[in-house]
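This document starts with one chain, in the form predicted on its own, laid out as structure tokens.
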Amino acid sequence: MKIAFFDAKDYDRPAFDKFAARENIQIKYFDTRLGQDTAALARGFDGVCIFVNDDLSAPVAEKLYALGVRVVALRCAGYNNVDLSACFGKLHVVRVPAYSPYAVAEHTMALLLTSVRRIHKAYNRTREFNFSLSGLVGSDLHGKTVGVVGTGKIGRIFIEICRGFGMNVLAFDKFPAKGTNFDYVPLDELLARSDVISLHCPLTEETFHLIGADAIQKCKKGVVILNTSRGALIDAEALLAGIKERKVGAACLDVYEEESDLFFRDFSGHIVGDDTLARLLSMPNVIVTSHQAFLTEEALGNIAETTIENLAAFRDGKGLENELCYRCNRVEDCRRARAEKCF
């Protein structure tokens, strides 16, 4: 089986080479992202492997299908960059639903601690032998209320970490988890009562700009907003306005609404034209990391192993446990529920 691997990075290759050799899958790595202009690179391959900023819109899906590609393996959990309806009947789409929820949850807490204890500022100071404590006064997390939006595996692990710091927890999820020991409240109540708000939900039509101007006005003055999920959950312009109005006390972002043309690349020697991101980065109470919350040795190994297993299952004609289909959970007769391919 031959796979075209798009948007390849150096840190991807060791784990994928290891597990691909085990399953006798050949991988050709391409640095470029998948899109309409690069889809032709998949000619002669059985499938493609893509990441969060690759483009699997309808035109790209049609091109891949015409080239003979029959399976697309997402090496991530999110799939808002995929037109599932366009893929149905042509391309089987599989993903990695969970790779290391601890990695993302722990990175979220690392961002929060860095912000509230001014660790980033202290680090820069001491490197210049400035040991003054002026301007480094932080705040305790103990006794504060954290509102967690989205209580999947990552959200629930983050909740347990917060409890370890003695924080009070509120949660919101359209589909609440069963058997939990924390309180679910309406979103508006969560916004109004939380000192810290952390987003751990997928990006859908319903959650697009979940945190916008209206939501920010419902928040406590000085709220800390964390996002390690998907950039477009937050209206970046509204967030910037909230910071300038002193309504938002701090923002910690591992994702950004317009990140696809920026993240995972080095622009240190260039002028970046994204004024909104530039203004956010200029704020002393904003921390941005470049979609690295997932980036641990454990997570990379799990991602590679599950992705290769998905591809091997497709090759061997087995049911695809991790297949994505726009019809799944919407019709009673779901083929995947019977351990079969979706079409």
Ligand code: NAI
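Every value quoted in this text rests on a predicted model; they were computed, and no experiment measured them. So that there is no doubt, residue numbering starts at 1 and follows the sequence shown.
What comes next is about the form predicted in complex with the named molecule, which does not appear here.
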Only one of F175, Y123, F267, F131 gets a heavy atom within 4.5 Å of the named molecule in the model of the complex. Which one?
F175
Among A251, A215, V71, V104, just one has a heavy atom within 4.5 Å of the named molecule in the model of the complex, namely V104
Looking at 235 to 243, 136 to 144, 82 to 90, 96 to 104, which stretch has residues with any non-hydrogen atom within 4.5 Å of the named molecule in the model of the complex?
96 to 104
Partner contact for R75 in the model of the complex: the named molecule, 4.5 angstroms, heavy atom:
no
Do V286 and the named molecule come within 4.5 Å of each other in the model of the complex, heavy atoms counted?
no
Does the 4.5 Å heavy atom contact test between F314 and the named molecule in the model of the complex come out positive?
no
Is there a heavy atom of V255 no more than 4.5 Å from a heavy atom of the named molecule in the model of the complex?
yes
What residues, if any, in 7 to 45 have a non-hydrogen atom within 4.5 angstroms of the named molecule in the model of the complex?
none
